[in-house]
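Laid out below as structure tokens are two forms of one and the same protein chain, each shown alone and named structure 1 and structure 2.
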Structure 1
């Protein structure tokens, strides 16, 4: 009986190990291919030089500049309304309009990115007259990440203990004070996670930006200039440029490292913030 239980634990451990390997195996394979194909192209000049020969030579400095501006516009446009909608859904009870709003947020999360791209081209580029620009791309991505930001913030606020609200109300604090001084600090780790997920999606998005921010490889002078994000750069090199595989792999490796770095820094500072919060109590 004891032996059969040990064998069962052994088999279960093997199955769990194989499942973990299946989860991390594709990532290791992708990293191996990118390092094999693109690591030789990466150098200090790759981050500082302009794009030459359609990406077959030179660096990705203008691409990184455009990507940074697009993500900055995206987060700047998405965070205020995202937090506002999330707190509205959690702090004002439940009625028919809020149920409809929750369903709309869930539906928005299922829309394919290419549909967002077509919407951004029709609304931001043409109707608002922004053209193919950094701003159009950033606003389109803001619409894409809104559901993620709203849902993660709602989950973070709803996970807070109920006694926080009741205790703050008993002290005579207003709803605004409770929101800003009690709920917002407590939900900060969840909000940061939502922003991180949104940033990762914005960095890796291609379809929506092809129709809104354009393909220009020059350094943009303003938010109304066209600019190529790094994901669009990877797509163009891989699909449209002959002999562009090495440049695409090198750019993809840079993107992957950036995503891993963002996730690492987010986890590190979230844990540090929580540790300081608990130590101050």
Structure 2
């Protein structure tokens, strides 16, 4: 009796362990395949050369340039309203508008990225007349990462100890001073985490960009120029260019390493933040 019980536990544990392996194995498998296919293409020149033969040869310098500009536009457009909404939501007092606003932020977070692409094409490209451009793409991505920024900032402000706000109010500080000098500095590590997660999202996004910032492989002259981000480059090489797999895996490897660095930074900031929170309490 005891024996069969112990065996049942063992088998159950083994089954669950195998399931856990299914979650871990594919990551190694994907990285292994990308390295096997693409590592040979990566050299210093890969980062500095122009795209040649639609990506089958040459480097990805213009693609990196466009990616950088798109992410910059995205963060520049998303951070101010994101912080504004978050501080609006964390102010005292609950009303129907706030409830509705929370629900709409949730809805915004669930809308598929391809729908953001449709919206960006109709609104930024045509209605505002920005055309297929880096600016249109960046603004579309800004709408997409807004919920991430809002939710992380709200969490960061709400995690601050209550006595901060109450003692600042007792000192007779104005709301503005409390926000800018007390809450904002306290929440900064959390906000930075939100920004790094948002950046990772923006870097990974493809579907929202193919109809807003376009496919051009040349180096963009201005923000109103079309330019492809690195994810779009991978998609195009894999889907539309015969023999593009090597270039695609090399670019995918570059993107993956960038995302790993961002993930590392995020973890670093979260640990720093948690340590600070504990010491302040």
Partner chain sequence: MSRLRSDRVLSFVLNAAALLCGALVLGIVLFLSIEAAPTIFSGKISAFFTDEKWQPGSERDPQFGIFSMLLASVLITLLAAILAVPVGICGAIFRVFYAPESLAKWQDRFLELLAGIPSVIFGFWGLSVIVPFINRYHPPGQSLLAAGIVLALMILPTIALTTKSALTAISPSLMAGAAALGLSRPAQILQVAIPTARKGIAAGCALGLGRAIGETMAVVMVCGNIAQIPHSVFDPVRPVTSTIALEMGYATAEHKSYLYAAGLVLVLMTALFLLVRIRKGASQW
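Positions refer to the first chain, counted from 1. Since this is a predicted model, take the numbers as computed values, not measurements. Basically, rigid core = biggest C-alpha set you can superpose within 1.5 Å across the two forms.
K.L.:
Which of the two structures shown, 1 or 2, corresponds to the form predicted on its own?
P.N.:
Here the form predicted on its own corresponds to structure 1.
K.L.:
Rigid-part split between the two structures: do residue 247 and residue 112 share a side?
P.N.:
Same part, yes.
K.L.:
For this two-part rigid motion, what is the smaller part's turn angle between the two structures, in degrees?
P.N.:
Turning angle of the smaller rigid part: 15 degrees.
K.L.:
Can you give the CA shift of residue 262 between the two structures, in Å, with the two forms fit on their core?
P.N.:
Displacement of the alpha carbon, after core fit: 2.3 Å.
K.L.:
Once both forms share the same rigid core frame, by what distance in Å has the CA of residue 21 shifted between the two structures?
P.N.:
Looking at the C-alpha of residue 21 between the two structures, the offset is 4.6 Å.
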